[in-house]
Structure formats: structure tokens, C-alpha cells
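The chain below stands alone, shown as C-alpha cells; this is the form predicted on its own.
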């Protein structure tokens, strides 16, 4: 049998491509290396599946993507965020809701509902527990794919194997090997959207501490690398949370050139001079209260002993005895809490891959390979990624649909 389309990879991009192939009346086959498709999709959004981000302005949407965002104009024009939400509602029968930060989730708050809807649509057209070993070529055309279960033929092939992140979900990077073997360029692969590691041992004491409304900045040789405002989280070995992982790739690239330092502003809404006046007032009003008690109105309790220790002010020092130099030290720790980056977490903690099949070799309007006549790409395998908040799944939906609709 010769299929209209063979899709290699049963993740978000592969599954949505399969649903669209069915809707278009095509014969298709999804070849998936895992026993069941969508394994990584189940864990997205902490098990809730952040489907997309409700950003309907195309220019603004594209600007959010840290790497090669302009490449996405073609796919996003053909299958937009609004199209995605309508598709989920009308085709997949999944009610959606928009939460803070324009993040879109299924109303059920269950990622498994997304998987169920997608797999129900593609039905028996999934071949599980099967890996593609190679493309068989006839000039610049793929004639078939070879697997341990035999060769399979199609008029068109969509490579949607994902990246290298979360290897336990089956993302081992084999799609890059397949693409490279038939001539495609693979730009350097690095983990992106990943927690950062810090040298300071006391971060372990802060593990689990959530920070809200803080500004975190990264510096190298006193020059700002990047900066973001929002939420962060201390881990046993460093920092995580939305703003940290969104900065992580820039920090990782800077680390390759030398040391990177982190600065946390716990009070970004209060200018330094105003904070100084407030602290002076509180010191005056606090009288004989000690420093730890005073700091309760400024910091989470788990941070206080560390800040006191770093200030080198004796903990028993009474508020009324704190001098100007000590006050300035406290303000500096509140506005410029320093950490030293030692590295990034590994692939098993990264959300997406930086790098992949070069966008120079893919037609942005169709997702078709510029080298191979009947090969298309969809999802994380392409060298493009965005921040947290549903942006990366939107790449999967838009490129998967675009690839499915395009004709060789």
C-alpha cells in the first residue's frame, strides 16, 4: 500500500497533522516509537497542557519567539491562534479557557483529554513501538521508510519527531539523524527553557521558595545579558520558574564566554531611594526589634536568615542601632541579591530544544524541505522556539497543520 502521507512521530505536531490528514480525506500512517503517542504532551503545563497563548496579534506573537521567530509568519498566517482555538472546539471537541498571562488550557485542566481527543481522531492509523531507521531515496524523492517492521511507502512524508528534551518521553533526537543523513543541516542542539544552577550552597536552604513580582537580571563582565520580571522559584541547586527558564538559553550562551552573575530585585516596584526612606522610617519605628524581626515585612521568612548572614550585621542588632552603612547593605541585598551561575540543567529538565533543522532549508509557507521533494517538517525538530506560556505548542499546531495541508 502507498499512503498519501506518512507522519514520523506521534507527538503534538504529528498528531495534529494526522487529524488534519483525516479531515482532508487522505490515507495516512503515524509511525511512533513509543507504545502510545503524545507521551510528552501529557506532562506539558504541569499535566494541564498549556495549549496555546491567546495572543491574536500576528506581529506581536512572532516577536515573542527567541529564535528564528520570523520564520513562523508563514505557518501562523495559515493557522493562527484563533484557528487553533476554533479547531480544538469544533474538530477535537475540547472546551478551552484563557487564564492569567493569556495562557490557554482545556477547561478540564487535564492534558490526557487532549491526548484522548487527538488519538481518537486518528484512530487505527498509528503504528506504535516502531522507529524509522532510514529514508530510502530515489534521487531527491523519498521512496519509502525502513523500520524493523518493514518498509512503508507514501507520496509525502512529515518528519515530526520532536527534539532532545525529556528523553524519557522518547525524544532522543533520532529525527535529526534522519534529516542529516539525507542532506539537511542541523544547527547546534542545546537545551532551552531549563532551570539554571548556582554555585552558592545556601540555595539548597531556599528550595521550594516561590518568588512573585521580582526582577531577575543576568550580567557578564558587568554588562546586562538579559532581564525579566515575573515569577521564579528556588530549587535545590539554583533557580527555576517562568522568567528564569525563559532567560536560560541566553544565560547558557553567555556562560560559554565566561562567568555569569544573577541579580534578584525583590522590590522592583520601589525605587532605591524610596526604599531607603521606608527602611529609615521602619528602623525608627521598630526601636529595639532585632534585624530578623524587622525584615519580616520585606522578605519571605526562609530568606531572612540568609540575608542577615550575607549582610554581616550581627543578628541581635537592634533596629535603632543600625547605621547608614548597614542600612545601605540591607537595601543592596533587597535590590541586588547576587548569585553565581554554574551551569544549566540537563536535557531531562529542558522544555524545548534550541537548534534543529535549519530554517534556511524549509519553505516557511508550506514546511516543505527545499532539498527533498516530498519531505515536510513540523514541531520541535525545526530550529525555532519560544517562551513558556503555550507558545511552543502553537508551533506544533501551526506547522503540523500547514505540513498536512501542503501538497508535494
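Numbering follows the first chain given and starts at 1. Computed from a predicted structure; not experimentally measured.
The protein also exists as the form predicted in complex with a small molecule; that form is not presented, and the subsequent description refers to it.
Visitor: Flag residue 375 as yes or no: does it have a non-hydrogen atom within 4.5 angstroms of any non-hydrogen atom of the small molecule in the predicted complex?
Guide: Result no; residue 375 lies far from the small molecule in the predicted complex.
Visitor: Is the gap between residue 174 and the small molecule in the predicted complex 4.5 Å or less for some heavy atom pair?
Guide: Close contact exists here: in the predicted complex, residue 174 approaches the small molecule to within 4.5 Å, heavy atoms only.
Visitor: Tell me, yes or no, whether residue 50 is in contact with the small molecule in the predicted complex, where a contact means a heavy atom of each within 4.5 Å.
Guide: Output for residue 50 is yes: heavy atoms within 4.5 Å of the small molecule.
Visitor: Taking the small molecule as it sits in the predicted complex, is residue 132 near enough to touch it, meaning that at least one heavy atom pair lies within 4.5 angstroms?
Guide: The answer is yes: residue 132 has a heavy atom within 4.5 Å of the small molecule.
Visitor: In terms of non-hydrogen atoms within 4.5 angstroms, which of the given stretches 355 to 363, 55 to 63, 376 to 384, 337 to 345 touches the small molecule in the predicted complex?
Guide: Correct option: 376 to 384.
Visitor: Which of 178, 118, 196, 218 has a heavy atom within 4.5 Å of the small molecule in the predicted complex?
Guide: Exactly one residue meets the criterion: 178.
Visitor: If the cut-off is 4.5 angstroms on heavy atoms, which of these, 266, 71, 166, 87, is the one near the small molecule in the predicted complex?
Guide: Contact residue from the list: 166.
Visitor: Does the small molecule, in the predicted complex, lie within 4.5 angstroms of each residue among 203, 238 and 255, using heavy atoms as the measure?
Guide: No, the candidate spot makes no contact with the small molecule.
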